[in-house]
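Take a look at this single chain, the form predicted on its own, given in structure tokens.
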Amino acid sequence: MISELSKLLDDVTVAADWVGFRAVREQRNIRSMRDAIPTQNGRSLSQGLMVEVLVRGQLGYAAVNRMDRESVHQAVENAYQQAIASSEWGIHMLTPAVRPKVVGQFIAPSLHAPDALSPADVNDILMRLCTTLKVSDQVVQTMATAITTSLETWFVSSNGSQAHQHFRLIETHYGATAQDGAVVQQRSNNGFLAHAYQGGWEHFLTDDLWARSLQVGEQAVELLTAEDCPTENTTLMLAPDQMMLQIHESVGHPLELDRILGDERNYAGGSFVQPTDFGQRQYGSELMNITFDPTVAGEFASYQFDDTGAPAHREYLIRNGRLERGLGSLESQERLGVPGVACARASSWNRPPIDRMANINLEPGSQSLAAMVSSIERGVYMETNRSWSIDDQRYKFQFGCEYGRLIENGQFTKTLRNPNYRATTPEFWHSLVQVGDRSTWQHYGTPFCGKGEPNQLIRVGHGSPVCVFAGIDVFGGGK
């Protein structure tokens, strides 16, 4: 593919400062069951080419789903004319420096490829999961899903870039809904499709798969008779599967440079973070260390280059609580004058790259889980996100979880249902008082990070240890 794209690029005749081709081929298989009955068995293929042209300081874009010379050259001409037209209203003059030369290859590690299991094998596993989840007649619905994806990208440019990346991805989910009269509770395996990784079936067929699915079903029933989460200001302990959402919404999105610039205000709007905050703002307590890390093997959004060819490296966004850099492409970094990371990403071949999260992780601390629990006289433990709401500046939020436990005198005691908490982003992260060690660190992912107009859903990964926050408002259902 690289040689084919290079030949097409060699024939380009427009008088541009820079031209780039990004080809994408994505093959996806999805299988789902509800109550052990198949609801979805599908396969899809999407492939095409995005053309970028830089001329008169502006970038123009055009996408095409055919690779013949005439179609590609028409796309080049369309992108060229778009850049010429936009140059009359350009607000910043870009140079080819925002598209550095890159040469290399990245292949995501995978032990068991998607075709290692037949469709019948996958459906048998999903059916057995549904059966295992139904631990009693109070379980009124069970769900199980498995999605595998092969995603390849090829990138060439007029300044000599030649890069190929191949991602093998797996997303799985199972959960149960239990009912007793008017009381309905859901329990899932760490959230909908949260088990999203780079790799193969090794991330699904784990040693604890059947024990865990039985536990999920039992906890759904357990929640029916559990007490509501109390309403009080207390110590809050969050599991990594809830920290994933917390990091995503109150750290990731506020640090996107295009939101701070005002370019991107769709979905949840802008950010409370100001350009002058970088290098100055104390974002949270000194225990808060957040990294952009595309190098973690198996994490959902690992890569070697972003979709503009910028090499990706592990970088601290927040170190010892102090804000160091944002999530922004080379264009956004140049315009805003603040450091960013290699995060210009596109959801497909027919979308231009924009500033996106990738793997955003909270680094481990030094506390064991046992030590953290034993230090808490009274508090509430929560895991698995169920609902979220955050304002358009990513400042004030309210999140709900599936499952809670009361902590009394250094021990887990009662199970709690409908656990929720609320805070503002600054007060919450300044309340971080304990960070779990590496043994408590887990990473999850989601394919549903939405942004852009037209919409771009993109894959992100988030890792975190168990964390403890002091003086947080918690509450139960209906409060």
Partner chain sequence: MSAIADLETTFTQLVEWLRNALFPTEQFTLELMGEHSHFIRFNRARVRQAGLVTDGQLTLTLMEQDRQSFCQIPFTGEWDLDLPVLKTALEDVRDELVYLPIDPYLVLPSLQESSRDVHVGHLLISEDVADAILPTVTDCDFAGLYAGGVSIRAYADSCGTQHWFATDSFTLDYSLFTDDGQAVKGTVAGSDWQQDKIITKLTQSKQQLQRMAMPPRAIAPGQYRTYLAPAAVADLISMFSWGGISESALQRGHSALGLLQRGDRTLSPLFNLSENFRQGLVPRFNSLGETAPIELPLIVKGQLVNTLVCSRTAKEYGKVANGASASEQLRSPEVKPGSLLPDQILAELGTGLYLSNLHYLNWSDRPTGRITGMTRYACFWVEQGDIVAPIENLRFDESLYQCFGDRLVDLTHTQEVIPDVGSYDHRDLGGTLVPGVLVDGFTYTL
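Please read these numbers as outputs of a predicted model, since none were measured by experiment. Positions refer to the first chain, counted from 1.
Below: the form predicted in complex with its partner chain, not depicted.
- With the partner removed from view, the residue among 227, 286, 115, 392 that has a non-hydrogen atom within 4.5 Å of its partner chain in the predicted bound form turns out to be 392.
- A heavy atom within 4.5 Å of its partner chain in the predicted bound form is found for exactly one of 303, 388, 316, 204: 388.
- Heavy atoms of no residue among 148, 214 and 434 are located within 4.5 Å of its partner chain in the predicted bound form.
- Its partner chain in the predicted bound form is approached by residue 262, whose closest heavy atom lies within 4.5 angstroms of it.
- Contact check for residue 440: no non-hydrogen atom falls within 4.5 Å of its partner chain in the predicted bound form.
- Although the partner is absent here, residue 414 lies well away from its partner chain in the predicted bound form, with no heavy atom inside 4.5 Å.
- Taking non-hydrogen atoms only, residue 370 never approaches its partner chain to within 4.5 angstroms in the predicted bound form.
- Shown alone, this chain has one stretch from 373 to 381, 218 to 226, 90 to 98, 278 to 286 that lies within 4.5 Å of its partner chain in the predicted bound form by heavy atoms: 90 to 98.
- Applying a 4.5 Å heavy atom cutoff to its partner chain in the predicted bound form picks out 65, 66, 68, 78, 81, 82 from 65 to 82, in order along the sequence.
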